[in-house]
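Next up is one chain by itself, shown in structure tokens, the form predicted alone.
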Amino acid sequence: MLGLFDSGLGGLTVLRRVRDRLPRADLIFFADQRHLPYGDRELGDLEALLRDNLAWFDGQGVEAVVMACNTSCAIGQTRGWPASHAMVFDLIEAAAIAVERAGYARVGIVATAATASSGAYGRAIRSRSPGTRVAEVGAPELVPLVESGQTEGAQARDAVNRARAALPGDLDAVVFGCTHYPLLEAHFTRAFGPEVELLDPAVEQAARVERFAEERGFDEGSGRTVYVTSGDAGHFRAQLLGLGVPGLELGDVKHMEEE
């Protein structure tokens, strides 16, 4: 079984990429909505949450944890990854691989405040592509908008435009430094224009996980996804239904204490 983790709904963008590549794998998706949003929390708090969440996945017996939370990856990179029985796939490292492969020279990162202030993206990208210029900006308004379903309209558009204004004008690519942000892709496309590539790290993350699953032989299963939240399970289910998550059944959405 593969585990995927985020603070909320954003990780579903990674889940979709993984499911496209591994339609028969068994997945468990954990949304730590009790502690949402992560991007505004203190570093020590985030470190404790990362440790606890990886320990929870150890209790589920997953063979790999597919990180779908950039803020937690930034903490892992800067404060050290907690011990885990599972293989942990770092989303920021996936982005650095994708930037290196594409050969971008000027890259912008739009992320949560915690991720941007950590500088984790810049370090990861420059370690693989030393000549790449990286600019990182925090956009703390965006996650609450996505979680509340406000992905369309002027408020989301203006928030993305403010992030765009904080970045240099001569970019080759912009990285979605938070898994919530692909749900605002239309606004990003209008804000940055056709000359700037939008890079979703989930694409490379899913490709890495697919190779791992095939090597370990657990790419074939029932194809079921179990959705678990630390928040209100009924509200979480309503959010999933609102997003049109396919094949969702009543028993697929649980509170973490039920697992």
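All of these numbers come straight from a predicted model, not from anything done at the bench. From 1 onward, residues are counted along the sequence shown.
The form predicted in complex with D-glutamic acid (DGL) is left out here; the points below concern that form.
- Residues within 4.5 angstroms of D-glutamic acid (DGL) in the model of the complex, judged by any non-hydrogen atom, belong to 62 to 70 and to none of the other stretches in 203 to 211, 48 to 56, 62 to 70, 186 to 194.
- Taking non-hydrogen atoms only, Leu36 approaches D-glutamic acid (DGL) to within 4.5 angstroms in the model of the complex.
- In the model of the complex, D-glutamic acid (DGL) sits within 4.5 Å of a heavy atom of Val143.
- In sequence order, Cys178, Thr179, His180 are the residues of 178 to 197 having a heavy atom within 4.5 Å of D-glutamic acid (DGL) in the model of the complex; the partner itself is omitted from this view.
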